[in-house]
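In the form predicted on its own, a lone chain appears below as structure tokens.
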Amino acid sequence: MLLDMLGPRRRRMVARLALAAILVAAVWPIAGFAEDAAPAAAAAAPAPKLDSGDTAWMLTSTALVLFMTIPGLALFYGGLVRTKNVLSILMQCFVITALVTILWTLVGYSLCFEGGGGFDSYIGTLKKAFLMGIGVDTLAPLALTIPESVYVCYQMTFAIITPALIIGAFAERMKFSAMLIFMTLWSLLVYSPICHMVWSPNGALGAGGLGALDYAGGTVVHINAGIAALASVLVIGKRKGHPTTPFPPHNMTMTITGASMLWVGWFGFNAGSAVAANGAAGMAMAVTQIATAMATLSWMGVEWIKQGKPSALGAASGAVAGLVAITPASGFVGPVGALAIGLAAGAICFWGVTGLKKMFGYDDALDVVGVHCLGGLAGAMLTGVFALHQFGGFSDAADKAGLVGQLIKQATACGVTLVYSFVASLILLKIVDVLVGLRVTDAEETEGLDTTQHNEVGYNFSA
């Protein structure tokens, strides 16, 4: 009756208001339920809580990985160069540790682990620059049982050793000032994007994106550093006298000691990547030991056959090759996979430092390309095989992708890392060369970097 008394326009308005009221009445209970259900669901989920056992293990792992660079890598590399350059190598490892620590604090951690989707899939934001928002009680967002400060320091040690690996390629011929500028740029513009793409929850290549498997750094650390090492030796050129002049290690005792420290420290690298004191850490430790031992014997066996005698340097290099290759696989494979990866790594990396280097003639002084790039590639690709349950692995994601599918994912991640790191490293090296010059003079190279770059006259002996 009342509607009949209204005009057509007013009737339509009343109808619309009535329809809106009906919709509100229908939706309101659902909205209310959602509001009530959200706290209930949150209450049902266990609250994040610091675990003292996990924290203690991660503190230990952080110290172990730092121990890999200083003194482990420093001694390993230091023993391999000539006496007149040993202190320059130790100095470079030592100062890179300091330099990357500051870069990591300022922006590195944020660039690697902050950010959501879109462009943030490739590089992080500056939300946690200067470690803003990280306090005494802040828990790590990727591992809610340890302090974020511990996770920051743990990942910092990875960011430290990765550029330090590269120095072995251009040893005995790069200016210290050029090295500092290059490592600063490389850490921010090469390491950070690759790390973010692989390990950030929303990264383009890792679990949040493509689905490539890299437990502890096959792509992020070893392929990344190894291909950058190749770029560096191509740009800087060969040492004076290469290849006719021999460059024998000056102190194999130092090198074996450094390799032993790397072996021990690597348990923090791989088992620590579980970010907890649990069964995953235990298996990662076991397969790391198995693969390293197998690669040592594999390299030694091939060398024995090819060259007539096994060498101490060969055994140490084989151990490092095994450590490199098992790194991406350590959280996904079982003992059988570890044996296979170690066996392959020893043989492949031996060929890398003998056949491949000789074939192309580049002067990779301490065989970073042959061990880290090739070893990382071998490990990353074999992860795609032995991570599957049918081959003794533990990755449900690999099972879901299937053997071929996971191998494609692994190859894609390796390819992106190779291309991006190589091209970016070339560009950065050219920029540094224009700014300060990359290489020492011929006279400085002859005299040695210990005196010409660091004035360590009292410690220099002709070699």
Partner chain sequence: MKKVEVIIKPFKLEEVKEALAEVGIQGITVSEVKGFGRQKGHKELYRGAEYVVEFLPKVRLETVISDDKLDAVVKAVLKAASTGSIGDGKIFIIPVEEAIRIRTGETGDNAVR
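Keep in mind it's a predicted model, so treat the numbers as computed, not measured. Numbering follows the first chain given and starts at 1.
This protein has a second form, the form predicted together with its partner chain, left out of what is shown; the following refers to that one.
S.K.: Each of S110, L382 and Q390 near its partner chain in the model of the complex, meaning some heavy atom within 4.5 Å?
M.R.: Judged in the model of the complex, none of S110, L382 and Q390 sits within 4.5 Å of its partner chain.
S.K.: Only one of A143, V233, L313, I348 gets a heavy atom within 4.5 Å of its partner chain in the model of the complex. Which one?
M.R.: Among A143, V233, L313, I348, a heavy atom within 4.5 Å of its partner chain in the model of the complex occurs only for L313.
S.K.: So which of G241, P248, G361, G118 gets a non-hydrogen atom within 4.5 Å of its partner chain in the model of the complex?
M.R.: Spelling it out, the residue with a heavy atom inside the cut-off is P248.
S.K.: Go through 224-232, 353-361, 205-213, 189-197 and give me the stretch that gets within 4.5 Å of its partner chain in the model of the complex, heavy atoms only.
M.R.: Of the options, only 353-361 has residues within 4.5 Å of the partner.
S.K.: Does its partner chain get within 4.5 angstroms of any non-hydrogen atom of L73 in the model of the complex?
M.R.: Residue-level check for L73: no, no contact with its partner chain.
S.K.: According to a 4.5 angstroms non-hydrogen atom cut-off, is L374 in contact with its partner chain in the model of the complex?
M.R.: No, L374 is distant from the partner.
S.K.: Indicate whether T125 is a 4.5 Å heavy atom neighbour of its partner chain in the model of the complex.
M.R.: Taking the distances in the model of the complex, the answer for T125 is no, it never comes within 4.5 Å of its partner chain.
S.K.: Does its partner chain get within 4.5 angstroms of any non-hydrogen atom of T441 in the model of the complex?
M.R.: So T441 does not count as contacting its partner chain.
S.K.: Looking at its partner chain in the model of the complex, which residues in 365-394 have at least one heavy atom within 4.5 Å of it?
M.R.: Residues within 4.5 Å: L366, D367.
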